[in-house]
Ligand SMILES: CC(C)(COP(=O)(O)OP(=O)(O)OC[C@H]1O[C@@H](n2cnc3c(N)ncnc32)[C@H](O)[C@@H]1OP(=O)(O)O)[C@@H](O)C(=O)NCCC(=O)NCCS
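Just the one chain here, the form predicted on its own, laid out as structure tokens.
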Amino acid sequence: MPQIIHERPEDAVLIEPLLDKCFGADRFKKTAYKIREHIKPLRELSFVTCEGDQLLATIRYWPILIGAVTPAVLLGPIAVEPALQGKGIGIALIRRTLDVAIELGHRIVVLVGDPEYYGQFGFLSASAHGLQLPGPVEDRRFLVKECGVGALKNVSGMITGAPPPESSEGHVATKPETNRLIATLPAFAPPADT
């Protein structure tokens, strides 16, 4: 049974060959790749679909700014193993990751893709909302999704890559660290039986 999970470090060596199979090496010339050139994907929004040790699909989101002030995310690329396309894997991956993006408070998602496919997820013309890309793109394929009512109100301008906000990433505590932390916690009485 395929599972959608966060991208793991070991998935990186499988993702690039999958993207090559799906989009070819020319993908690096596209405007969306130019936007992502000097930024990193958001780890919390980088997912893969796996079955056992086989990578079936990948999706990433990238931090961007609209008009140099409004934060948003750029969806893509999403790739599904060619032999498995049309089986709902991509749809499930997009739906799940959009739900996570909304849960995390992202209000605007931008992408370049076929409106006939992405319309089912609520994506509409980005140009009609006054958004622009810093390079050539087929206008009908430049799309945006408003993830909260009014998220696009008074938002327009050029899309640029944005470094993710600084965060203090933690680490998984070792057993000795966990034991030390537990030892510092105050004791409490178990609930009384009623």
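These figures come from a predicted structure and were not determined experimentally. Don't overthink the numbering: it's just position in the shown sequence, from 1.
Although not depicted, the form predicted together with the ligand is the subject of the following passage.
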Hey, in the model of the complex, does C22 get a heavy atom within 4.5 angstroms of the ligand?
-> yes
Does G113 reach the ligand in the model of the complex if we count a contact as any heavy atom within 4.5 Å?
-> yes
Does the ligand come within 4.5 Å of any heavy atom of Y118 in the model of the complex?
-> yes
State yes or no: in the model of the complex, is some non-hydrogen atom of G90 no more than 4.5 angstroms from a non-hydrogen atom of the ligand?
-> yes
Within 4.5 Å of the ligand in the model of the complex, which residues of 49-82 have a heavy atom? Give them in sequence order, or say none.
-> I78, A79, V80
